[in-house]
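What follows is one chain in structure tokens, specifically the form predicted alone.
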Amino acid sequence: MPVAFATLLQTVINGLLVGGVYGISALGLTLVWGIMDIVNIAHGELMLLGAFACYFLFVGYGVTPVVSAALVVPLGMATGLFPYRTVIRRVVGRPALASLLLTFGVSLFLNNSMLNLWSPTIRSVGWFPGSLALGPALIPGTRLVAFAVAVLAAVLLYLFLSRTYSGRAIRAIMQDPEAAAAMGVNTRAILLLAFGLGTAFAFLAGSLLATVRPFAPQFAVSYAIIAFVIVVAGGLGNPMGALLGGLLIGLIESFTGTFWSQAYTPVVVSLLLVTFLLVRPTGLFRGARA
């Protein structure tokens, strides 16, 4: 089998597997942005908190990343409730600049706290469950497991949004908050739930990314940029679009790193953000709604 085909297949596989995790990170952001109209600049730091939780559970207690993924979801939910009740709820419904400045302050606080508590040392979760051969390509077990957990989480979120009252209430507020309130939806409780879910998915994405690549507090900006690009590409408030956008960005990042240079992947991702905002601000997958 030609070497070029093997390289291409490996590149596609790597991009799709990482892109699935990226999609989960964007799900958390698009829930908060779409339902509250709040641009959460601290999203990257929330992902890193999930990564550190996975790391310390693995190193300190031998908890496998699969179990960690289940543990960080309620941890992220609980973590999200505190900033919402104390500060975030105060800017709901206010001009976008207010939420931008507020979440920027939260981002600085969290990032500096992590730097002081855990230092800028680059860490990784050394968990290796083997690999799977697919023709000439090799699928790392860590990426495959992370992708499987991400898909399961996406399916559970889809079922929640489509089959439960709270999920349908979230979708109703995304479409028309005033009409939802008029129909008796408790908007305060639903906004609190949505922010908690968004934080939980940020924690989950961070814990999964910790198993496939190194991380450190200073990586928060790059995490946030990727999530923002995916949300813009997938369409604001569009969970299915976030997943598809994650796969797309994962593929683009993989192809850039393989056939050009890994050092240019942040440049390409940042350029994509500008391009989508200028050319297709409503997203590529606007019609692919959950």
Partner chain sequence: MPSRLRPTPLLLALAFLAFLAVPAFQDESMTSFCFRLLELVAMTYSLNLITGYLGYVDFGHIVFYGVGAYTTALLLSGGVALHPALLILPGGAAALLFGLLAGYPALRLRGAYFAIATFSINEAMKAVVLNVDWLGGSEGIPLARYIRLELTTAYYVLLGIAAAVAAFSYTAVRQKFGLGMLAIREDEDVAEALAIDTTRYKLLTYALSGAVAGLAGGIVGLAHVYVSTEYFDVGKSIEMFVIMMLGGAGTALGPLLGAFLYFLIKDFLILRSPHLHLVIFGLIIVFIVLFLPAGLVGYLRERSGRLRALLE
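Positions refer to the first chain, counted from 1. Remember, predicted model here, so these are calculated numbers, not experimental data.
This protein has a second form, the form predicted together with the partner chain, left out of what is shown; the following refers to that one.
With the partner chain left out of view, the stretch that reaches within 4.5 Å of it through heavy atoms in the model of the complex is, among 87 to 95, 160 to 168, 123 to 131, 186 to 194, 87 to 95. Only one of Met36, Met240, Leu248, Ile41 lies close to the partner chain in the model of the complex, with a heavy atom inside 4.5 Å, and it is Ile41. Only one of Ala216, Val106, Leu81, Leu138 lies close to the partner chain in the model of the complex, with a heavy atom inside 4.5 Å, and it is Val106. Looking at the partner chain in the model of the complex, residues Leu102, Asn112 and Leu277 each place a heavy atom within 4.5 Å of it. Within this chain, Tyr264 lines the site of the partner chain in the model of the complex, having a heavy atom no more than 4.5 Å away. Contact check for Ser119: no non-hydrogen atom falls within 4.5 Å of the partner chain in the model of the complex. Contact check for Ala70: no non-hydrogen atom falls within 4.5 Å of the partner chain in the model of the complex. Mapping the unseen interface onto this chain, Phe228 counts among the residues with a heavy atom inside 4.5 Å of the partner chain in the model of the complex. Residues Val221, Ile225, Phe228, Val232, Leu236 are the members of 216 to 238 with a non-hydrogen atom no more than 4.5 angstroms from the partner chain in the model of the complex.
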